[in-house]
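The chain below stands alone and is given as structure tokens, in the form predicted on its own.
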């Protein structure tokens, strides 16, 4: 039996397969089931800063329409704002506390952050509730035609620095690939204190219904083909940063787990495959990894991790090649 254990954010995991943040990691019952199914750790469903702020704003605007009650009492509006936040956050803290009391695998909390508002100090209470680590799921909309690239990037660094000032537990940052110089951004995240980075976020994408002439949503779940860009950047950044590297999006089977480890990932996050096949599918993935390691003569994961990263590959240029000219140039 091969040793599948790995290190991630300084934590020891029994294997490199993590249940990523999703609706499947939002209750104690499901977390217990995921542990029984063999995941190495769980990232709790993100608590969304934007959702909390929008709900508080909506409640305040409703209150402001009642002039008899609220016109001269601004402290009431402050109470509504605080009550909304405390209600959302207390439930999250209870989930962390319950999970830590009922499972042995690491529990990683997740904040979906868009600003550096004061509520990021909640990170400290996440730590006090017992979370083993914190994942910052950051996405600053890059659609403004007025902002410079550096302005968007600065927001990521400021959120990270503020949260790091609040906690001692390790902090990872989950990001998108939408940067003008992605490699530099990843290096900067390490410089500003990130203990790890997860590549990449998966977003809701639009589609167009040509029969009914309306905008709809594209597939919610990822596909195995979505793994390519993550694989590229894991391989490029492996051995160029000292922090942990997590691979996410398109991890649908054991073979992809192995590919990401060979590229240099410390862990993979799985979500869509768990929705499609159920939590027990992790057992198939870990068995595939174990059988492959035994067949190749690897006793533990670090023997092959990063073996095919850009820094160590015999064909490093393949990770930077963006055009198909070499392959299709001879087609008539």
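Computed from a predicted model, the values in this text were never measured in an experiment. Residue numbers count along the first chain shown, from 1.
The following text describes the form predicted in complex with a small molecule, which does not appear among the structures shown.
- Of the heavy atoms in residue 202, some are within 4.5 Å of the small molecule in the model of the complex.
- Taking the partner from elsewhere, residue 305 is found to have every heavy atom lying beyond 4.5 Å of the small molecule in the model of the complex.
- Taking the partner from the other structure, the small molecule in the model of the complex has no heavy atom within 4.5 Å of any heavy atom of residue 255.
- Contact annotation for residue 260: none of its heavy atoms lies within 4.5 Å of the small molecule in the model of the complex.
- For the options 271, 289, 34, 301, the one in contact with the small molecule in the model of the complex, meaning a heavy atom within 4.5 Å, is 271.
- Only one of 137, 120, 244, 152 lies close to the small molecule in the model of the complex, with a heavy atom inside 4.5 Å, and it is 137.
- Note that among 94 to 102, 156 to 164, 187 to 195, 247 to 255, the stretch whose heavy atoms approach the small molecule to within 4.5 Å in the model of the complex is 247 to 255.
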